[in-house]
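So this first bit is one chain, no partners, the form predicted on its own, shown in C-alpha cells.
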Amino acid sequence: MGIYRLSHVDITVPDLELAAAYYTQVMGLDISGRTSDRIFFKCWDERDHHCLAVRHDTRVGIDRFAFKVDRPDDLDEFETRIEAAGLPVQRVSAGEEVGQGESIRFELPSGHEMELVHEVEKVGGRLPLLNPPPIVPDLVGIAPPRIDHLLVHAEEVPEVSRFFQDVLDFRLTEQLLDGGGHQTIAFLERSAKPHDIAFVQGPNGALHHFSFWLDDWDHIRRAADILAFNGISIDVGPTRHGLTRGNTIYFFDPMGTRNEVFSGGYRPDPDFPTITWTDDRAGRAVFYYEGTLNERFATVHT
C-alpha cells in the first residue's frame, strides 16, 4: 500500500500559446492533450498522460499537485486516514479530469490542494518497449526524461511535514532548523531519492518551483546553454545544492513560474537517517558553491 511517486503538477498562466511554445521548444516536452483552457505536457520517457497541466488564468500560480498510489484500494485507505486527521476529502470521478481515473483531493495544512490517483491513461513514450535504443535522436530543447519533484511554501513547515510522515507515509530525508530549533525546510520522499516534495517556510498555498530530472552534470551544463541561447531568465546556477547534494539550475518560464532541472543526489535507503542543517549554514544548504541565498529565491506564486 502506498504512494510511490509524483504524478503531475497543475499550474496557471495568462498566455497558453506562450506556455505551449516555451514548454515544447525550450523545455522540450510533448503536448499530450488540449482542452479549451488547458494544455497537457509529458516528458519523452514518461508513459502517463501528463506530468504538467497548464490552465489559462489571469494569475500565475498553482492549482494542485498529484501523487500516484500503488493500488485502487489505497484511495480508500488514504481517504480514511486523511479524514481521521481532520481534513475533508473530495472524491473525483473517473473521467472528470483529463487522462486519469478516480482520485481523491484534499487541502493540506499548507493550503495546497493535493490529489492522489491510481489509474492514469497510458499514452506511451518516445522509445518502444521492445528492444529500445538508449537515445532518442530528434529531441528538442532541454528534453528532460521525467518530472522529479516540487517545492512549495508553508507557514508552518513542521505541521505539514508531520502530516506527510504520519498520514501519507513519507520519510524525512533532510531538514533545516532555525536558531530556536524550528524546522523551516523539510525534504520528504517516497521513491528512494532525496525528495519527491519539499516545504520551505513562506506563505501558505504558494509555489516555489517544480523540477525536471536530467541524467548528469553534462546535461545540466547543456541546459544552461539552451536557456541562455533562448534568453530565458536564469535565477541561480548551474550550481550545487548542499541539501540533497544535487546539481541544479533555477530559471523562470516566460510567465514567471520558476522551473528547475536537477541531477545527482544520494539514494536514501530504508534506514537512511535524517540529515539536519542549521540556520547558520542555510546559504551552503541551498546553494553550496555560492554559500548565500539570492533575493529572488524568495519569489513565490499562489
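Residues carry their position along the shown sequence, with the first being 1. Keep in mind the model is a prediction, meaning the values are calculated, not measured.
Quick note: we don't show the form predicted in complex with another copy of the chain, though the next part is all about it.
F252 falls outside the set of residues with a heavy atom inside 4.5 Å of another copy of the chain in the model of the complex.
Within 4.5 Å of some heavy atom of another copy of the chain in the model of the complex lies at least one heavy atom of S191.
The shortest heavy atom separation between G256 and another copy of the chain in the model of the complex exceeds 4.5 Å. Proximity of R221 to another copy of the chain in the model of the complex: non-hydrogen atoms within 4.5 Å are present. With another copy of the chain left out of view, the stretch that reaches within 4.5 Å of it through heavy atoms in the model of the complex is, among 67 to 75, 96 to 104, 204 to 212, 151 to 159, 67 to 75. If you check another copy of the chain in the model of the complex, you find a heavy atom from every one of W44, P132 and Y266 within 4.5 Å.
Using a 4.5 Å cut-off on any heavy atom, the residues of 270 to 285 that reach another copy of the chain in the model of the complex are, in sequence order, P270, D271, F272, P273, T274, I275, T276, W277, T278, R281, R284.
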